[in-house]
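As structure tokens, one chain now follows by itself in the form predicted on its own.
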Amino acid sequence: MEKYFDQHISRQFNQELENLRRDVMKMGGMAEEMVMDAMRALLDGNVELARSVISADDQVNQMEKDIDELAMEILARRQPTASDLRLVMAIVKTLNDLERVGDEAEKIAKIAIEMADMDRPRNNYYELESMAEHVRSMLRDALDGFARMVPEIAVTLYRADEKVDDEYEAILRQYYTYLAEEPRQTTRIINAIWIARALERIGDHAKNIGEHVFYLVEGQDVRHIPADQKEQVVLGPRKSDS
């Protein structure tokens, strides 16, 4: 990341860019914590913890607004060059994905409150807990890739997202079977399906952050490239450098 802050004559401009990066990392840490607290609230039936996640979403939303305004001010005042413009735009896009992560965590927390007094399955939603851990790992990798500006993180996140998608499909099959076998538990099972969906979406947002990093470093937008070609496109430039 340092190369983006060592190239300007203006130290103030460097500091403004560093402040943006720092604030995004702080927001990312909050979003990650929200996801895990929401899941803990579900697993423990902890209504107060779920409510704290709902309150935290307001903070994340305000952070997104504040950082976005700062980014727009930089664009207006500094008229940045191409590489700096990519940096600011990657930050704005990453902000949007992190805000969506917070929204999904809030959804999980609200469902956790509704499910707190319901009968719990014998495995206490182990499959959802496992999926959440994988999604949390994706978020960590995405934020680490953003902090260090490692374009290859996009491939790591593509692969991880494929596994999370497979996990999601397996959970859906499992829960649809439960619906047929345990009709009296329909509300609980449907709620659990919504939680799995929220986790799958969080994985998508983590993957998106990897794509933003690749765009920043390489200057290429890979969002709309067919899924089976993305990995080759991302790794291709790196292999050619060797």
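Predicted, not measured: the structure shown is a model, and the values here were computed from it. For every residue, the number given is its place in the sequence shown, counted from 1.
Below: the form predicted in complex with another copy of the chain, not depicted.
Contact check for residue 179: a heavy atom falls within 4.5 Å of another copy of the chain in the model of the complex. Residue contact check for residue 37: none of its heavy atoms lie within 4.5 Å of another copy of the chain in the model of the complex. Using a 4.5 Å cutoff between non-hydrogen atoms, residue 134 does not count as a contact of another copy of the chain in the model of the complex. Shown alone here, residue 55 lies farther than 4.5 Å from another copy of the chain in the model of the complex, counting heavy atoms only.
Of the residues given (170, 149, 89, 116), 89 alone sits with a heavy atom within 4.5 Å of another copy of the chain in the model of the complex. Judged by heavy atoms within 4.5 Å of another copy of the chain in the model of the complex, the contact stretch among the candidates 96-104, 156-164, 124-132, 140-148 is 96-104. Counting a residue when any of its non-hydrogen atoms is within 4.5 Å of another copy of the chain in the model of the complex, the one hit in 31-63 is 61.
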